[in-house]
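Next up: just one chain, as structure tokens, the form predicted on its own.
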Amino acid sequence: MLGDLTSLVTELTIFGAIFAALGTGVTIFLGGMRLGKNLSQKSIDEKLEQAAEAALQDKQRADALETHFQQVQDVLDGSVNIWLRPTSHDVGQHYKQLHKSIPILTVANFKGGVGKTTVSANLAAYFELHLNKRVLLIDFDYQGSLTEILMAASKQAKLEASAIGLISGQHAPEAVLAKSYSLHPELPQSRFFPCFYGFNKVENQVLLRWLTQPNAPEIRFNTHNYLSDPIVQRNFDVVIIDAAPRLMTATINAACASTHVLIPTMLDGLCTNATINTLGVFHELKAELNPALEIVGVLPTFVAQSQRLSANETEALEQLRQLIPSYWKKAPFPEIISDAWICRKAAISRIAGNGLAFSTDNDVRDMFIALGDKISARIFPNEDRPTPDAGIGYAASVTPIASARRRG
């Protein structure tokens, strides 16, 4: 009997242990269920919150894209001038930089064939050979006419279209300037940036990225950022930019980078209209983007005689005088350079593409000295910048460029 009772107690103890274990297991299981449920709910809440945040970001991006592409549509419709849209660039700082800058002269007209390249090349020769200035020449016309002249002058047969670097804004100033080319032996103290037909593709690419990519960096001041850099300001005395006869990426960069503009024009009806329109565009650019910009003058080119104008040329000149105030809204109005115009010289045509007429023909030299003296008086009003020693040349000034390139 006692044995049976002991056995029963033992069994009950075992069953009790089993039930206790089962109870603990159930408790653990139920606790695990509750914990799992809480964790699952937290995970779901986090995922819902993340999804809501992602949806908000998608909506913001969609709204930004819609706004951006509406701006593009406005440009395509012609209701907005893309070049005059507001800029994040510090225009006040821009003005200060140009106010203390070396002269940067753009030669421009939205009519081709008026002598921009001839004037640019021979003014460069005037500044170095007559005034002993170090000149940086920039060809921003994809036709590359200035480049051909300078290649002949510098005896170079193969060049890279390195003017691309000035509008793309992708490299450091020392790297960009290192790709300029010497004009030795014709102009040993000066350098230039070539341009070829592929240049217009890059202009389009830079513009399209700016138009189609939200938050794309400003492109209108890329050239200014390079030319205002100390490496340019120290190594040159004057910059001359030969602009294309159209308002595209390079020309707008030239306008925003320049201290002065010279507008060559032939004296006929077609050129008069283009010249007046060109003046109007630069007036808007001065008002909206570059308040430091000054018009050096409107320059008659390829006139028939050096001593007097023909009846048709005189009529075109008077028409220009009458129309200028309508396109340049307030005084002082741009001057017409009527006492130092460029004549149609056989020597200029004969040497075109083979060098600089300034160096080979006395009449051409005298003509550009007269013009250059007038321009120099405007762009160097306080001639206190030291003139480099004629015996030094560019070899001395290239050292900072080479050193900077080594540091990079």
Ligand SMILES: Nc1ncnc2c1ncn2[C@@H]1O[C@H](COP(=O)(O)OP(=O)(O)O)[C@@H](O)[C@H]1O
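As the structure is a computational prediction, the values presented were derived from the model and not from experiment. Residue numbers run from 1 along the displayed sequence.
Only in words, not in the display: the form predicted together with this ligand, which the text now covers.
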Open item on the list: Based on heavy atom distances of 4.5 Å or less, which listed stretch (307 to 315, 189 to 197, 106 to 114, 267 to 275) is in contact with this ligand in the predicted complex?
Closed with: 106 to 114
Open item on the list: Please determine whether residue 343 contacts this ligand in the predicted complex, using a 4.5 Å cut-off between heavy atoms.
Closed with: yes
Task: 4.5 Å heavy atom contact, residue 328 and this ligand in the predicted complex - done: no
Open item on the list: Considering non-hydrogen atoms and a 4.5 Å limit, does this ligand approach residue 118 in the predicted complex?
Closed with: yes
- [ ] May I ask you to state whether residue 349 is within 4.5 Å of this ligand in the predicted complex, using heavy atom distances?
- [x] yes
TODO: Tell me, out of 302, 142, 83, 181, which residue has a non-hydrogen atom within 4.5 angstroms of this ligand in the predicted complex.
DONE: 302
